[in-house]
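What follows is a single chain, given as structure tokens, in the form predicted on its own.
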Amino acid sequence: MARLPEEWTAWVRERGEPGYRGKQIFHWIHRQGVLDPDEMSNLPKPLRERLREDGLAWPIEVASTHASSDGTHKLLVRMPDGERVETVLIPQLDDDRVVTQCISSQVGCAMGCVFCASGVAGLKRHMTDAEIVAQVLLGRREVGSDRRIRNVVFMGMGEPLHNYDAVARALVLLTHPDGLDLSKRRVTVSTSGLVNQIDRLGSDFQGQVQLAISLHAVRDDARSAIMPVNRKDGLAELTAALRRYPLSKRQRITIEYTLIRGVNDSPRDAVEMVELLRGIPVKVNLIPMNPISASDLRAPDTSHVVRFQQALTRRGLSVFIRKTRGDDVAAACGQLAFHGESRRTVHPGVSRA
């Protein structure tokens, strides 16, 4: 299913079919969400049989759904090898007909961030481009014809840029005009800060794909304690990559900052964030930490979060406090993980080796 139109065209021609059949197949899969060859009614029966022989089928299936009281839906999806990931459908607050889908890119995550359930669980394997795209096709089926998925964010399980090749190909497929035709401006890739891959993403997509950075601390010692990736690419290297990332005049990089009580929420942290990001076009999303079973870390109280926001806005940053969505079904930021598996309790500064 992960072939591009021109690749489908080559595939059908090799089998003696006219080239336009390739585009028809691509339409069925990526525009109609149909992966059963028998339902591709404008294809001749021999071609449908060849598609079935070639293995065309859903690469994932919905194992269970979990509905939150706020309208958020979490889908637990299963791959043929039995591995599972989660994807979340989040209706827009002012118009629930418009949906943002949060998708996964790996089974687990190798980054080891101590406030994130996916990172604590560890990496099992990369997802394929077909598995990544199929989440959106399933999501579109789940929301129905009266609603639409307008935004897709790579903020589910995994570090997207650690699985760069599959994610980049998925981006091409998701935004292809003959398929789902998502606007690149409405697709966001979130990364913990893999500098070489940030540069590659900017070059490959000319900065049109939205970039979000999981920052979470503004000094190298503090960031390395909660985000091991910082030991490889520190804040100086990361901010240099953000300055290189190609942006149009009105584009901004999203800075995600999970507020953790007593770890990264002091007045000093607010002042140093402003200095660190000076001159970079950014908007800041403050995310009060959502609790996970593997850690006793917690968010500051609401009044403290507001004071932190005010300290940043007074110094000229554009700052939003992200409203928690889906936390009652463990679908909120940082809560996606393997179901039914034991997880180690970790703390800042404690080695996970």
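One rule holds for the numbers: they count along the sequence shown, beginning at 1. Small disclaimer: the values here were computed from a predicted structure and weren't measured.
Another form, the form predicted in complex with a small molecule, is not on view; read the next lines as being about it.
Heavy atoms within 4.5 Å of the small molecule in the predicted bound form are found in exactly one of 69-77, 272-280, 188-196, 131-139, that being 188-196.
Think of it this way: in the predicted bound form, the small molecule has a heavy atom of just one of Leu56, Met289, Leu43, Val319 within 4.5 Å, and the residue is Met289.
Of the residues Thr175, Ser214, Thr100, Thr239, just one reaches the small molecule in the predicted bound form with a heavy atom at 4.5 Å or closer; this is Ser214. Using a 4.5 Å cutoff between non-hydrogen atoms, Thr258 counts as a contact of the small molecule in the predicted bound form.
Although the partner is absent here, Cys116 sits close enough that one of its heavy atoms falls within 4.5 Å of the small molecule in the predicted bound form. In the predicted bound form, the small molecule sits beyond 4.5 Å of every heavy atom of Val143. Though the partner is left out of this view, Glu86 does not reach within 4.5 Å of the small molecule in the predicted bound form, counting heavy atoms only.
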